[in-house]
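This document starts with one chain, in the form predicted on its own, laid out as structure tokens.
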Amino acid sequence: MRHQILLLSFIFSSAFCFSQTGEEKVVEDFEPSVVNQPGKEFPKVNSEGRVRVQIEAPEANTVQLDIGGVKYDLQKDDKGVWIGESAPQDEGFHYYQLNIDGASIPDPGSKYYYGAGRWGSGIEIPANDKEIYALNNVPHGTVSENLYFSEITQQWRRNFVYTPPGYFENLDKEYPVLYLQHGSYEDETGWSSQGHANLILDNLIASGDAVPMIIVMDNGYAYRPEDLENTSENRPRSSFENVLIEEVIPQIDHKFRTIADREHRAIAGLSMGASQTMSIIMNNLDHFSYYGGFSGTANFPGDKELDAGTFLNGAFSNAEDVEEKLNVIFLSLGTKEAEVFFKTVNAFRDMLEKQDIEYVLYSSPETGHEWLTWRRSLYQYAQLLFNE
């Protein structure tokens, strides 16, 4: 059996401060968050990763900070200003909100991001490897909004397209393309906003560790009108695969200078997007030759053994054919992911190993089902793409 490649990097240590009595102390070195709205002092983050928020609400009875699945009570001063902080948070980006007398609202001090099915607040806990997605003094690409009318969904849709540095200067050069998908209850803004995909590629291209490429980030929620109207399920049947294959790829190849063949197309996604892209690539191996599944692979019970003869209609049953057509199968997980993600990814790995199909596994240290895991995953995955 071939050896799978195990990529391990960014090993960290963390420290917490305690008093001599054993009670946790708060280190008073809070600084305004790097994702605050201009001129806003709060929210703040300290060296422990605690998040401190403040809001004026003199008529409120209770105000809480809701972050990481935990609600923290704030305290009101004599001017009606509520203030308080969280326990230390993991490094990276986190969604959060404020809860005022039972009503959840965005923090007026933070920038807003689309996640958890809403526009809301986000916070950055500085990571030790933040340079991989930092705005550095290197040549930068461009992220543009691309609007199109979908005949399949009968709606106007959009994707965001990253073109690498030099795209508008060297007009004869053509580029490979990565189709990159968001997760559940997120949208096409995620990868270029909280994901910093453009900055990750700018830095990798500048260092020579990645090939200049175009990245297309579309919305994974796509439904035919009749499926929206006539469904007894919780969620209508998705038509995203049809939209991507029949509409998006032809339009991108027409509008941008792409190398329009399967050897120069990759696809990847996180969580829900990992499941979507797994089905898409195995149904369309004439379109793609690279797969990346960040924190997921496909929707199936992770406590059951996968049968290569039946999984995705037997798409992995012919190992020789899969190996010939897929240049890279990349999988990744944070070491603090929920058990369900380990079960599904490991079941998929077991199937690949039984079929003697090579894959790459990356483990993101000390992160869960969150954007730092996926930023690091893209950083690793992009370096494997289109190396002739």
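Owing to the predicted nature of the structure, the values given are computational and were not obtained by experimental measurement. Numbering starts at 1 and follows the sequence shown.
There is another form of the same protein, the form predicted together with another copy of the chain; it is not shown, and what comes next is about it.
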Assert contact residue (another copy of the chain, in the predicted complex, non-hydrogen atom within 4.5 Å, options S207, Q154, S144, N318) equals S144
If you check K130, K71, H287, H140 against another copy of the chain in the predicted complex, which one has a heavy atom within 4.5 Å? H140
With another copy of the chain left out here, work out from 258 to 266, 144 to 152, 122 to 130, 273 to 281 which stretch has heavy atoms within 4.5 Å of it in the predicted complex. 144 to 152
With a cut-off of 4.5 Å between heavy atoms, is N198 one of the residues that contacts another copy of the chain in the predicted complex? yes
Can you work out whether E305 and another copy of the chain are in contact in the predicted complex, taking contact to mean some heavy atom pair no more than 4.5 Å apart? no
Hey, in the predicted complex, does Y185 get a heavy atom within 4.5 angstroms of another copy of the chain? no
Report yes if any heavy atom of T335 sits within 4.5 Å of a heavy atom of another copy of the chain in the predicted complex; otherwise report no. no
Contacts with another copy of the chain in the predicted complex, stretch 83 to 102 (heavy atom within 4.5 Å): I100, D101, G102
